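The chain below stands alone, shown as structure tokens; this is the form predicted on its own.
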């Protein structure tokens, strides 16, 4: 019997019970000079120059915004070279050799609480813009644009669901730094003059519920913030699902949540806002999951942005003995991107790298079981879209609303014939623009 499937096998136990390892002193960092949203750049430094932590060393140019580039260590500028970005493409990076002095740029100074209390929305937007904060859950969308909305907002939702299998860095971030999470939410609510805040977690994450409710009660009793336990299904972390189950609001496709008076931020982005407002810091460090069955010691790591994954693999005792071929996935296994090498650099938006022992699957003909259709969270027909892609019929792709796909990967996950259905739907979205 074919039925709807919203469950995926989880592997978070590999890492979630372990304290986060700190690896903040790599010999070199490699700072991405462009990314998926900003295709050109100007560099303000040259080889041999000395830079400090948080110093502005260049600017990326997007279609409608500019994004400062910051150094994440103090040390000496090296050469421009190409390394893999989380998109799976090689991009320009600037090498910086760490001098291990951790000298911060003169602009990195704490703001007293009484100053922060007087900041307006425009003030906070300008700070976030100057610190180049983006969606750290992987979206990479400039946070200052989101925070600068002119729509009236009554509720801010912090998305801490982390529903992708294997990933647990957000879990550890909340468990180890709950005050930073709540204070970041407080700043967002202040900027938007929002009446209420919600921190959304999975219902199975009792330790997070306990620590957050205790922190709210003891440290922030004046704030109207609650912790909402949502479902354990996949993709519960999809923003539309979060709003639906946390607030009872269904956001139509193509409509901004701000039109309903609500706005959402990933938990890592929330902490990034805290660091920018309180410490005037760009994102120089992040929590990151390195996991998979092909390495000896899966773990969560607090690291410098710009760290090489090859260094992290060595830190994790390398590959398991007998492993001959691996699959390297940047991001979660459901929505991530495969890489052809482990020569990957952790950018601000790289949440994880998963390294799995390669398993060969034989793709078989579609048996028209309907699993992909029943399981699709946006109610489209992935198999029909796939057939339209094979025929090159763009009109049918549009008619089947391929543009609604959120690329959650469920259609490929449930496929009994091992067809990479999601890849076909991704291709359809590109073909029809």
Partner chain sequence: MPKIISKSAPHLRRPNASVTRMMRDVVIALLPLTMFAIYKFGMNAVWILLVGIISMVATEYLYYQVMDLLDGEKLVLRNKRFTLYNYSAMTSGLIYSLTLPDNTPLFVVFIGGALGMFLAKLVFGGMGQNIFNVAGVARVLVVINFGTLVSYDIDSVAGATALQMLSENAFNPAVLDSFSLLNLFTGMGIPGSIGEVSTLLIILGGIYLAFRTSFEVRIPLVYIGTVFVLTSLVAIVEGIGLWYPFYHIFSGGLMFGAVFMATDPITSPITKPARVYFGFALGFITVIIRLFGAYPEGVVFAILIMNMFVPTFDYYKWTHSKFTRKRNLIFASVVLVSMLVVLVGVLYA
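Residue numbers count along the first chain shown, from 1. Rigid core (definition): largest C-alpha set, two forms, superposition within 1.5 Å. Here the structure is a predicted model, which means the values were calculated and not measured.
FYI, the form predicted in complex with the partner chain isn't displayed, but the following is about it.
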Heavy atom distance at most 4.5 Å to the partner chain in the model of the complex, all of 191, 246 and 277: no
Selected contact from 76, 209, 319, 187, since only one has a non-hydrogen atom within 4.5 angstroms of the partner chain in the model of the complex: 319
One residue of 264, 137, 333, 292 in contact with the partner chain, assessed in the model of the complex (non-hydrogen atom, 4.5 angstroms): 333
Interface segment, criterion being heavy atoms within 4.5 Å of the partner chain in the model of the complex, picked from 192-200, 336-344, 121-129, 283-291: 336-344
Contact label in the model of the complex: residue 396 to the partner chain, heavy atom within 4.5 Å: yes
Heavy atom of residue 324 within 4.5 Å of the partner chain in the model of the complex: yes
Proximity of residue 356 to the partner chain in the model of the complex, heavy atoms at 4.5 Å: yes
Interface membership of residue 298, the partner chain in the model of the complex, 4.5 Å heavy atom rule: no
Stretch 218-241 - residues with a heavy atom within 4.5 Å of the partner chain in the model of the complex: none
Residue 385 C-alpha moves between this form and the one not shown by 2 Å or more, core aligned: yes
Rigid-core frame, C-alpha of residue 406, shift of 2 angstroms or more between this form and the one not shown: no
Shift of residue 39 between this form and the one not shown at or above 2 Å (CA, core fit): no
